[in-house]
Structure formats: structure tokens, C-alpha cells
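In the block that follows, a single chain appears as C-alpha cells, in the form predicted alone.
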């Protein structure tokens, strides 16, 4: 089943979820490594370009995920969730959706506002044009801070999300995690 069902996620949702999750984890690690002060400048340049390439990939997939989420049906909450838990789950998912878009956009803005004016080479295939932003040290500092704060916020929210999924799986023994790990084919 490609599309979400009444009580199960479809393969498209599952694939987007896990691909974006892996990209986010990798981007967070890469972002930390590439900003180390003791790194070789040539390696640092390459790591920044890889970070930007994977960031643009994450942005594209997050945009697809947002459209898919807005246009698609959503499986019902698992049995046993209270109203506050359902509201919290919905809020976390909306925040995750927004942050997976906002973090790469602020990264793009950072690259665009940088006084270094270094092009973003998407996997050395094409150059991604800069956003039409003024280049200045102040703007670069603003976008650097925004990108870092949102990225750390996303990391914290991802940890909360993963912790909740593990809690549901190992403590509550419900289907919250299992629904995102496998797809159930249904008759009719």
C-alpha cells in the first residue's frame, strides 16, 4: 500500500520518514564536524559542500513530505492514547514538519548572506543559486544563529520523538513504532 490507510502508514510515508530521519542525523553530525576549529581547510570546504548538498536534499524531501502530509489521509491514533497525548503527538509532528523545512532554508539563507559568497555545488552536479539576500557580516551572523538554534531544536525534538516511540514500543506495547517500521497490506 503506497498511501496511508485508516490504521497504517503507506510505503511513501515510511520511506520519506526514515530517509529524512537519516539525513537529519547525518547533517547534525556533519555540521558538528565541519565547524571544528582544528579541521584542515580543504577538508572543511568539502564537508561544507557535502552538508549543503545533503541539506538541499533534505529540504526537497521535507517539501514532498509536507505536501504528502497535507494532501493525504492520516491513520487514526493508536488505541489507548489520551486526548492530551493525541494533541501532543499532533503538535510534535507539526513542529517536526516545520523544522525539517526551516532548518535547511536557514542554512540556504546563511550561505546566501555570507560575505564569502561561496557557491553551493549540489553534489558537484549543479550550482544552487543563492537566495536574494543582502550579504553582510550581520546578516550572516543572524542566519548562522537561526540555523544553529533551529537545528539544535530539531535535534531535541527528534530525540523526544524517538524516545516517545521507544516508550510506546517497550513500555506501553502498542503499535506506534511498529506502524512506522512496516506497512500492512490490507485486503479491500
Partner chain sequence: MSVRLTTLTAALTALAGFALQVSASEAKAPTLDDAAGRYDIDGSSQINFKVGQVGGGGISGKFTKFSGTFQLDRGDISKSVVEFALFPETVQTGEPRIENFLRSTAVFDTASYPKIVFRSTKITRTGENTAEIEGNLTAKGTTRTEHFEATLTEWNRRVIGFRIQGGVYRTRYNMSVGIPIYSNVVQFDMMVNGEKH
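Quantities reported herein were computed from a predicted structural model and do not represent experimental measurements. Residue numbers count along the first chain shown, from 1.
The form predicted in complex with the partner chain is left out here; the points below concern that form.
Option from 146-154, 59-67, 41-49, 23-31 whose residues, in the model of the complex, bring a heavy atom within 4.5 Å of the partner chain: In short, 41-49.
Contact test, all of 118, 121 and 127, partner the partner chain in the model of the complex, heavy atom 4.5 Å: Affirmative, all three are within 4.5 Å.
Partner contact for residue 77 in the model of the complex: the partner chain, 4.5 angstroms, heavy atom: Residue 77: no contact with the partner chain in the model of the complex.
4.5 Å heavy atom contact, residue 89 and the partner chain in the model of the complex: No - in the model of the complex, heavy atoms of residue 89 and the partner chain never come within 4.5 Å of each other.
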